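A lone chain, given as structure tokens: the form predicted on its own.
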């Protein structure tokens, strides 16, 4: 894999950023089992700060009656499908870097 190829970075950076948010969203769900919603724990605050903009977007497509943890889980699923869509888009464009 040639990391000097621009298509490598055009695909990898957004994919990596989405993966970070996706797994942080999952971490938020898991951490919510142990800490309160208004906790001052720095890890909790970091997870909230990173994922709150995405939770706000995903709350528009999630039923309003759903508790926050369900919105976070739906956010995880939406981010997963967004990554799959990104991969599909790059595959269709033939811009996925070759491996091996």
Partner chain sequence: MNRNFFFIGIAFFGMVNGIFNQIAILFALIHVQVLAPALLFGSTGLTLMFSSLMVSTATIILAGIPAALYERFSGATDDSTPVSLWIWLTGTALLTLPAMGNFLEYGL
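Only a predicted model underlies this, so the values are computations on that prediction, with no experimental measurement involved. Numbering follows the first chain given and starts at 1.
As for the form predicted together with its partner chain, it is not shown, yet the points below apply to it.
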Under a 4.5 Å heavy atom criterion, is residue 34 part of the interface with its partner chain in the predicted complex?
no
Find out whether any non-hydrogen atom of residue 9 is located within 4.5 angstroms of its partner chain in the predicted complex, and reply yes or no.
no
Does its partner chain get within 4.5 angstroms of any non-hydrogen atom of residue 43 in the predicted complex?
no
Residue 53 near its partner chain in the predicted complex, any heavy atom under 4.5 Å?
no
Checking 13, 20, 77, 92 against its partner chain in the predicted complex, the residue with a non-hydrogen atom inside 4.5 angstroms turns out to be 77
At a 4.5 angstroms cut-off on non-hydrogen atoms, which residues of 75-91 are near its partner chain in the predicted complex? List them in order.
76, 77, 78, 80, 81, 83, 84, 87, 88
